Every structure is written in structure tokens, then in C-alpha cells.
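Take a look at this single chain, the form predicted alone, given in C-alpha cells.
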């Protein structure tokens, strides 16, 4: 579950809407853990305290840079993945947005692009709407960028203007009919997307490796395979002592199984090796000969499955951390990481989806950072669900204890022998 910090300046009605959404199950992928107020007398502070939410006050009495730096320092306590501006009466700079390293969401009381930007806030928006003679207004939830009210629109909801409306009446009805409805839903949508282990835009990442550490400090790994051909889909994972092997549930006599049958997980002394091909054995043999993970993989190349030339992905893990590698036509790449509780790295073979008749594009860039909870059942089920039932074949997840001595694991197979 993601951490949400809410920035406020006033009564906190939208903060209350988020808290209520948590309690009624609308907001389930994130939780408000912190409220930062630019005013010490904001009633939003009382709302936060009532529900045991941490509060920080950063009075707006300093220059812009100093004010923003104090907010960033307050946010550093929780390192939220999502920041919500809920009645926060200050425009944030590009520098703040980049330094926060979080998705920042704002609620604005009009239908953007109407009545937005500098000078349009609070009652001023509703006064301008009524003065314009418009029959419809509403609210907009959007991502925050360096342009005031200029970020990507996430949700909008219209509200009808009545003949007897005053700015105060209209403000209240826009909150009740629009803001309190769309803000929690938009925040949930953003949190749900960020929480996904597999990028939500990829249905066929191919084969994937995750290595890292759970939130409670347990070294963890996961490996999954997918398939599009009948032979690729006819595979299962099976334990072989502390290692893992792949078996076929049915054999096609005209099919060469050399690229789909291998040992995906082997152990040499205190080192766990995970790969998507027979380079597992190459790494094992090199380690046994006193050489390194990198030495082994420099003798190998991508798979000879023209025209795709699928990358070979590999990982090795022990008490001190983990390494990952990808061998593809563009070169051989190596990555090394220290353990960080709650986080891991995911590398997979294909970068994005294409039509069935197109060449599969190789994974690009550095392995993606992913979150790893301490609940192996929850983590495994979430990953299995995200792989997608159209192509998923098998998956293995292992969580060690904090001393790297014992482990628990889970196997998921679409097929059975």
C-alpha cells in the first residue's frame, strides 16, 4: 500500500473525503500517512489528528525556496509515493516537483481549461464562473507540473449552476457533487497504477526476474515465464531440492526444446543464480572455477531466435546484495545493487507490446524499481495476477529469512503433469 501525504491550507474537506474513502474501501491502494499544513490554525490539522495521521506545520512566512525546502524536509520522514494538494493555497515550483520524486495530484474547482491558472483559487473561481453566465461548472483532478493547473487531467465532473447560486452556495455544491467524488477515485487510480509490479501497459513482458528485499529485511526473488506458442505454454516449474527445473507437459516431436527447457534457479555455495536460459549453468560453472558472474555472461550472447533475438536476463544474489544483467543485440549490460528493505529490481525480456507479426522489442534501460511487501502470499498472488492469464505459464517466488538461512517459497503453474 502506497504512502500518501496531503498538503493543506484550510478546512480540509477534501482531506476528509480521502479519509472517508479509505474507510469505505474506495481508496485501497494507498493510505494517508501525513498531513502538511501551511497554516498552524487550519482545521484540517484537527481532522488529521482525529484519525491518528501525522501532522507537520510549515508556516508560509518565508521565501518560496525556503518554504518549499521545509516542506520537502517534512515529506522526507515518510517518503510518500503520492502527494495530494487538497486546498493547498500555494503554487509549487518545477524544482519542488522534481525533488519530491512523487506523483503530485491537485483538485481544482472548475472544469479545466476554464477558470484555472494563476489567480483562480477558492471563491475567486466561483465568482468568475457566476459572472460569466455559464450554466455548467464542476471540478477537475489533475497531475501537477510546472504550469499552474496545466498537468494531465485525471478526472472531471460537471455541476449544474442554479439561478439562486451565490459563490458560497456554488462552492459547497461543487465540493459535495464533484470534488469529494472524483478526488478519492482519481487518487486510487494513480496509486493502483504505481503499485503494479509489471508496468500496466505491458501484457507480454516475456520472462522476468525480480531480486531484492522485503519490507521486513528478507532477501527475496521471483521468476516468471510466459508463452505464446503451444510448446512454450506446455511448461511447468518443479522443485529439485533447493533448485528449480522446467518440465514439458507434452512434447512436440518437431519442436526444439533447447531454448525453453533449462534450470532457472541454481545455487553455488551462498549464491543464488536465476536466469531465463541455460546461462544458469554457465554462471554456475564459472563460479565453481573461481570466476565471476560477469566473466560467465561475457562468454554468452542473446538467444538465437531470429528475428526477435530475445535477450538473456540473469541475476545473482547473496547476503551482500544482488546483480542483474541483460545480454541483447545492443550490447551486454550489468547492474549491481545493495539491498534496500521493501524494494527490488525487475528486469524482463520485452519492452512493450507489439502486434503478433512484429518483432518483439528488447527490454530498455535500467531494471525497474519495484516494491516487495513482507507477505509472500500477497506479493506472489499480486505478481501472478499482473502477468495476465492469456500468456502466463509459470512463476516461482522465494523469500529468505533475514539471516539468509531458511526460506519459504511458492510455485504457480498454469498446467499440470
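Residue numbers count along the first chain shown, from 1. As the structure is a prediction and not an experimental result, all values here were calculated from the model.
In what follows, reference is made to the form predicted together with glycinamide ribonucleotide, a form of this protein that is not presented.
When contacts are judged by a 4.5 Å heavy atom cut-off, residue 122 counts as touching glycinamide ribonucleotide in the predicted complex. Residue contact with glycinamide ribonucleotide in the predicted complex: residue 297 places no heavy atom within 4.5 Å of it. Put simply, residue 225 is far from glycinamide ribonucleotide in the predicted complex: not one heavy atom of it is within 4.5 Å. In the predicted complex, glycinamide ribonucleotide sits within 4.5 Å of a heavy atom of residue 175. Residue heavy atoms within 4.5 Å of glycinamide ribonucleotide in the predicted complex occur in exactly one stretch of 320-328, 190-198, 72-80, 175-183, and that stretch is 175-183. The contact with glycinamide ribonucleotide in the predicted complex, taken as any heavy atom within 4.5 Å, belongs to 89 out of 153, 89, 130, 248.
Checking 108, 233, 218, 207 against glycinamide ribonucleotide in the predicted complex, a heavy atom within 4.5 Å turns up for just one residue: 108.
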